[in-house]
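As a starting point, one isolated chain is supplied in structure tokens, in the form predicted on its own.
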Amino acid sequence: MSDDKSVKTFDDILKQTDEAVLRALREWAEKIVTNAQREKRVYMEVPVRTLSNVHYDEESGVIKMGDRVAQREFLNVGHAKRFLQTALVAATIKDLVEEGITTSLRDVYYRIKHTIPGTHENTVDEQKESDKVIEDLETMLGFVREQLHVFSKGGKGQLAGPIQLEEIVPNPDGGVRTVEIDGENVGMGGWSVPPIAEPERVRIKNVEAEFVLVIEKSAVWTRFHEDRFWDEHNCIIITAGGQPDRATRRIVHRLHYDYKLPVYVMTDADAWGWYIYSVYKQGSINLSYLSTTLATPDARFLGLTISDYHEFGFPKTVKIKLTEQDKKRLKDLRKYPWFKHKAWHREFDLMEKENFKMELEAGSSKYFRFLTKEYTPAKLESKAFLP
């Protein structure tokens, strides 16, 4: 399957998005000015991103943000600093887009940080302040931060398999160049998913895979890559090395929705790994406003479970006793509506009763290639997935 939806060049798509971002910034600023002239108040409307405005949508199967908004006023002592920060970050984004360069959240923090003349007050004191403002602007402008030319620490994802991509890379002169990637012809590290994986930056040209296997841990992913699991089973293997970053979740989302590939997720048999699965599937509370572009509600859990310990005859030595923190996290999972299915609660009950967890690497207690040669093929064959 090839991605021939766009008749425009890759460069044109990026330019079109950049122009739309600049237009949105201009319209947002003009609205503030117009409201000030009309109502004699300087304010902006910001969607409320607190827990009280977040809910799990049963119909779509993802965590969503509600439609409540709040006003941030310039002449309100409690709002003035955040108002100023928002204006400074918006101006920084405008500069980035116009210059055709990208930068990190940390860079943005330092770019806008300075002492306000005549005071001892800084515009920002900690990075979390500017990070929150960028999230505000995402919701106000209708563009994700990656389209605003801002990324986090860098890409975490690693990918391999029958897929061909094009990645657009900025040049120092403000231009761009295109890099071709063949997922079947990559080194031990696979293709490193870039921190910005939007369609304007990463084009999926062709996909021959039948499904996507998401693996929680980088080390386990390396076992699958070295064994060429993706070749033998005609799939794409991908990992974010633990808690997934936005770019890796975006690629998984795009492969499912654009290419109709089933998504299976493999994590440790513990409450933390199972939560990571839910982040791929339902999204996260903090990024509820991005669930429609990051979450993959049709994803299914392949393993590892406590039931697997008995089913596959793992030795007792792989058991890791639950800590109080593990037990508390397990109780949290029980409360989440997206984990309400009976099959999940049976696993929760079993873990609580037997008082242990397991890591994916426990497969090596049987033999090094147990996960790639026996466990995963058996799970795929039996379709023994959890919802």
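One-based numbering along the sequence shown. In this text, all values refer to a predicted model and were calculated from it rather than measured experimentally.
Another form exists, predicted in complex with a further copy of the same chain; not displayed. Remarks below refer to it.
Among heavy atoms of Asp227, some come within 4.5 Å of a further copy of the same chain in the model of the complex.
In the model of the complex, a further copy of the same chain lies within 4.5 Å of some heavy atom of Val186. Shown alone here, Pro172 lies within 4.5 Å of a further copy of the same chain in the model of the complex, counting heavy atoms only. At a distance threshold of 4.5 angstroms between non-hydrogen atoms, Ala362 is in contact with a further copy of the same chain in the model of the complex. No residue of the trio Val21, Gly61 and Phe211 has any heavy atom within 4.5 Å of a further copy of the same chain in the model of the complex.
This chain is displayed alone, yet in the model of the complex one of Phe151, Tyr277, Tyr309, Phe83 has a heavy atom within 4.5 Å of a further copy of the same chain; that residue is Phe151. A single residue from the set Lys132, Arg111, His233, Lys205 has any heavy atom within 4.5 angstroms of a further copy of the same chain in the model of the complex; that residue is Arg111. With the partner omitted here, the stretch from 98-106, 253-261, 135-143, 269-277 that lies within 4.5 Å of a further copy of the same chain by heavy atoms in the model of the complex is 98-106. In the model of the complex, Ser218, Ala219, Thr222, Arg223, Glu226, Asp227, Arg228 are the residues of 211-237 with at least one heavy atom within 4.5 Å of a further copy of the same chain, listed from first to last.
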